[in-house]
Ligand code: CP
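Below you'll find only one chain, the form predicted alone, shown as structure tokens.
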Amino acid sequence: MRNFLNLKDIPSRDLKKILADAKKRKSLRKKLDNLEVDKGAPLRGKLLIQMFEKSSLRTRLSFYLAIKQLGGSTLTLRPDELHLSKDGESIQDTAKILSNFGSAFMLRTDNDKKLEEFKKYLSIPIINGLSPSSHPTQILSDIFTVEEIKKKPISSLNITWIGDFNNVLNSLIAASIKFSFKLNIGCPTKYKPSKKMIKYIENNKNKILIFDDAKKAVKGADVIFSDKVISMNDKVNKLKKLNQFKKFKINKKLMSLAKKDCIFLHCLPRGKEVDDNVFLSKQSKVWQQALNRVHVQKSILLYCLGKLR
């Protein structure tokens, strides 16, 4: 049994094995409809239990299809329906019930400690569908998309992030270290990575550079990543924050400073951090990026359940 909580805690060889499996599985599904099951139905009889404490569209849909295509089934729980939220049932007791009924548990939460506590008491794998400090399934899928489009390992590419320091960037930094790719981060000084994250970067001696100038950050980029500047539950003065990111808006002029074949990726939902003429352009691969969540998460499920071939 393996958990999937943070990229930094998973061996590079395992992450690469997941991506290799996802590539094979996607190629075998070219003529299959969404709900048709993969040959051999490797997770037949398995139940994925999902719980969402935060809004979700892509994670919810992609995990639903992932387990279905592997021959298993899914049950989605709402926190407000459980005794855990209403009557104060402990995580320990809740985890025992989940372990008795399910094969794996996917949690999208606003509390990192809750993930760790569930991990402590579950006897089935737990997958992080998003937490305040990490979004590992998103970033591993993004690496899959980059390599699929560029047709080369991400280690040979220049990656740029333009935007706020958040859970997605945390996972992208961890991925940069695991996959050894160059990463430029462009953000206002006030919104640069935390001291703890900077220390993590320094300890791993990776090629991660931080710029307070978006133009410098995108120079020579093969891929530009971004995320919504005003994140879910972001308790800030929104107008003030948007104004601070005004010079970091991704537009055609900024994209022109990257390589000619540079692509744009965004984990969605989008906000005002990107112009329509970039988001809806041929350089934007956001729909392919979103769809690839299904294929990578299938291989993550197989990895967690010891079925990865």
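Note that the structure is predicted; figures quoted are calculated from it, not measured. One-based numbering along the sequence shown.
This protein has a second form, the form predicted together with phosphoric acid mono(formamide)ester (CP), left out of what is shown; the following refers to that one.
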* Structure fact -> Here the chain appears without its partner; judged in the predicted complex, the stretch of 250-258, 35-43, 273-281, 48-56 with heavy atoms within 4.5 Å of phosphoric acid mono(formamide)ester (CP) is 48-56
* To do: Let me know the one among 138, 145, 170, 184 whose heavy atoms come within 4.5 Å of phosphoric acid mono(formamide)ester (CP) in the predicted complex, would you?
  => 138
* To do: Could you work out which of 242, 262, 268, 65 is the residue within 4.5 angstroms of phosphoric acid mono(formamide)ester (CP) in the predicted complex, going by heavy atoms?
  => 268
* Using the partner position in the predicted complex, report whether residue 108 sits within 4.5 Å of phosphoric acid mono(formamide)ester (CP), counting heavy atoms only. => yes
* Asked: residue 25 near phosphoric acid mono(formamide)ester (CP) in the predicted complex, any heavy atom under 4.5 Å?
  -> no
* Asked: Within a 4.5 Å heavy atom cut-off, is residue 293 in contact with phosphoric acid mono(formamide)ester (CP) in the predicted complex?
  -> yes
* What residues in 26-42 sit within 4.5 Å of phosphoric acid mono(formamide)ester (CP) in the predicted complex, counting heavy atoms only? -> none
